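The chain below stands alone and is given in structure tokens; this is the form predicted on its own.
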Amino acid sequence: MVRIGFEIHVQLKTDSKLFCSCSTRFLDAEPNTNVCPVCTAQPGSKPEGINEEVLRKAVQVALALNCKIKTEPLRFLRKHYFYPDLPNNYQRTSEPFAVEGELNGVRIREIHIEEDPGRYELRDGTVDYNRAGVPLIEIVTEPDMHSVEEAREFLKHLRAVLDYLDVILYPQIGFRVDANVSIEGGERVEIKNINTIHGVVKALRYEISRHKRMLQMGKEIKRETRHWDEVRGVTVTLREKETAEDYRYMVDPDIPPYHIDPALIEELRAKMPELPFQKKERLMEQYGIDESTAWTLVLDKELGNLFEALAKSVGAKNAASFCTNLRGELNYRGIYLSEVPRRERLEKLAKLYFSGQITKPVYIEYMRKILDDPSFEPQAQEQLSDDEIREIARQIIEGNAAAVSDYKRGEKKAINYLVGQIVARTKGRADPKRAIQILREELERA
């Protein structure tokens, strides 16, 4: 049996770092400019105290994941390890402040608050400390997932919850995942720092297959930490798996214990926004859509918002059809709707199509162009009249004697080929439904 668990690191959306006032915007700045003595661990520097906004967002996430939040004093620990991106040679990480949660059938063991290290470029040996001290939460699950598909669904639901709460610092990055995987007869292996859900899926598939091959060959699966090589599509050994003792945890003497006020917990609980499962239920009741379609819409926050905007102008059924097609195109590109620039073009496209100003082939072509080209602007297209379609249909019939013969012998699928010829000839300006009807009329006369 396969067992999968996750340790998920989420950079929190705050203006300043966890223990100093430096900006968190490490992607937007020149290397080593958003730094100070605290986040670069200069001799004599001390943390300035816990960023209150970090606590608020961390508690929000814990509540959304149905966790029990501890109200006893919260201590920060020093987790010691040595790497160029860690200026202190230890990482500050809290004791679990939330435990015993659940999401999509997966138990949440605990949630911690910690500081991010810097960014070490192994290829050129440079270090950028702009990221050092950026606030993280680490969400630790139980090993409750037993297939790659279950793991993917859990991560999609978690990403949706975090998006609805608006707590991710850089949505285009999302979160980093350490995946723990084992199969019966072997030890647990950790795969470090996977940056996308698609990457997690590929890494798990590879690692599960590797475990099965090793056991079939009578080899031992050792407990270790491995790295996911995205380019080669393989995992490679990093080191033997550490234990808690290896990190030499100790209470940080520079950070007093912090008490999470029960009043703060209740305030945030009362202000909790609509979450994905709640929105799913509301869309089903309000718009009469089925559960599968509702989940498709709500697991991408912006897609759900687009659906509701379109439902007002083109109707719920048409809006659901449009957004389902769009979800397929987004999945193909491995992106969320929030990553598409000038999203108002999609609403314009839906209105053009459902008002009959463009044909379905043009609608699909335009949708793909909007996703791939930020400068593309959809426009209404003049459609051919029935007489113009009829003339082209006659030409297609005359030039495709074999297909016409197949059709007359009862091979009705031959008409699909002929309709395709009309669509190609007219560059999508012929409505396919009208083209089929007119083509059938002309085939009966031929």
Partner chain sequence: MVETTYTEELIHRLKTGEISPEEHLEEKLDTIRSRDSELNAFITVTEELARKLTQKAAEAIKEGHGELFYGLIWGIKDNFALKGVRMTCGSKMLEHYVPPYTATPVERILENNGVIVGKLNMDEFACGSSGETSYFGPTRNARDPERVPGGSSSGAGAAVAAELVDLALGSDTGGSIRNPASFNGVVGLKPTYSLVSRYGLADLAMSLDVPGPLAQDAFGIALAMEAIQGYDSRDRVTAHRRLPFLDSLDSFDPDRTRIGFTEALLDGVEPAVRKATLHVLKFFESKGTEIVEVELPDIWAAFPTYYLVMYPEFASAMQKFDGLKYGHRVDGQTLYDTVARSRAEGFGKEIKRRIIMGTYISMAEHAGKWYTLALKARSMIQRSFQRALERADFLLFPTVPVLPFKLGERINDPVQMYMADALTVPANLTGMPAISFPGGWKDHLPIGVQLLGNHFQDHFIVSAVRFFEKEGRPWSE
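None of the values given here were measured: they were computed from a predicted structure. Numbering follows the first chain given and starts at 1.
Just so you know, the form predicted in complex with the partner chain exists too; it's not on screen, but the next bit is about it.
In the model of the complex, the partner chain sits within 4.5 Å of a heavy atom of residue 41. Shown alone here, residue 193 lies farther than 4.5 Å from the partner chain in the model of the complex, counting heavy atoms only. At least one heavy atom of residue 88 is located within 4.5 Å of the partner chain in the model of the complex.
When the partner chain is considered in the model of the complex, residue 46 lines it closely, a heavy atom lying within 4.5 Å. This chain is drawn without the partner chain; in the model of the complex, the residue among 236, 272, 250, 173 with a heavy atom within 4.5 Å of it is 250. Interface residue among 80, 212, 156, 282 relative to the partner chain in the model of the complex, by the heavy atom within 4.5 Å criterion: 80. Three-residue candidate spot 120, 129 and 246; every residue lies within 4.5 angstroms of the partner chain in the model of the complex by at least one non-hydrogen atom.
Stretch-level contact analysis of 137-145, 252-260, 197-205, 289-297 against the partner chain in the model of the complex, using heavy atoms and a 4.5 Å limit, identifies 252-260.
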